[in-house]
Ligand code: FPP
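Heads up, the chain below is alone and in the form predicted alone; it's given as structure tokens.
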Amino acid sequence: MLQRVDDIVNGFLNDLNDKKVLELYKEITSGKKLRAKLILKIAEQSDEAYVLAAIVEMIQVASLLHDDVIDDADTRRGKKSINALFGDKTAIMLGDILYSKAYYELTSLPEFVAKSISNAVTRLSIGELLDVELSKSFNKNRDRYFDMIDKKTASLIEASAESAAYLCGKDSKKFALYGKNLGLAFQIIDDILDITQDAKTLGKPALHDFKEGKATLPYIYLYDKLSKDDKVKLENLFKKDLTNEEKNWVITNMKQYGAIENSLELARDLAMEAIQSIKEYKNIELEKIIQDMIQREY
């Protein structure tokens, strides 16, 4: 199923008739293809669904190429990132090429789908900009956090589910809600794992997000529970290369005040709402995607 998606992407890139693009793309480590799987589970693997899955996969890869440059990330999924291997300019241009080709291929699909996906990419980019803004100081505001992850992470998943439903005549609004909640829950779980998992599992140091200027939901929950002095301490640790003692202080307090559990509970609530939104379709595989995502270890 996913091999066909890869084959279509490679076909799109072969159309460009540029060896360098193909060489660079081969250096990218393949991810879980959550969005592609989602599209194919909803639209029942039609030809249009495969094309949409390939387009969305290209868009997702492009966004990650740009994301790694913005974050100065040296690794992606435990391996050297494109910007680390070939430089920021190459990573940015490769991302631009993938975006542009994806938009070109998107014109072959129904107007509703083209508008949904292209609008999601605009929202994704605004979310990236919000993420950069939020990284400048410790964010204590839950609404700002959710606005950012809604745009940066959930928007493309939401549009993927909505578009897939449209292609096969299902209720696109219900599947859009499923996709949005899946995206929000996915990001919350990602943020939790950055704290709870070790460097070997993550492919990056634990608590790396906090050092990179990301005050994610568990940190916001923790901040709300801390004493005045400890609030100041947590803020002073923001964007700092933490010692083992400081890491232990953060993790111990996360456990003591239930910041991880509160975040996980919210992710579960979002997941249950997602399942309920499409319950009438009795799609066990879509329910499993949600359940596996909540239970994942990375």
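Each residue number is its position in the shown sequence, starting from 1. Keep in mind the model is a prediction, meaning the values are calculated, not measured.
Beyond the structure shown, there is the form predicted together with this ligand, which is absent from this document and is the topic of what follows.
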- Looking in the model of the complex, any heavy atom of K214 within 4.5 Å of this ligand? yes
Practice task
Answer yes if any heavy atom of K180 is within 4.5 Å of a heavy atom of this ligand in the model of the complex; otherwise answer no.
Solution key: no
Q) At the 4.5 Å heavy atom threshold, is I70 in contact with this ligand in the model of the complex? A) yes
Point to revise | Proximity of L106 to this ligand in the model of the complex, heavy atoms at 4.5 Å | key: no
Among 169-177, 221-229, 124-132, 108-116, the stretch whose residues bring a heavy atom within 4.5 Å of this ligand in the model of the complex is 124-132
Exactly one of A259, A43, I59, L270 comes within 4.5 Å of this ligand in the model of the complex through a heavy atom, and that residue is I59
In this chain shown alone, the residue from L38, A49, L64, M254 with a heavy atom within 4.5 Å of this ligand in the model of the complex is L64
Taking this ligand in the model of the complex and a 4.5 Å non-hydrogen atom cutoff, the residues of 135-157 making contact are K152, T153
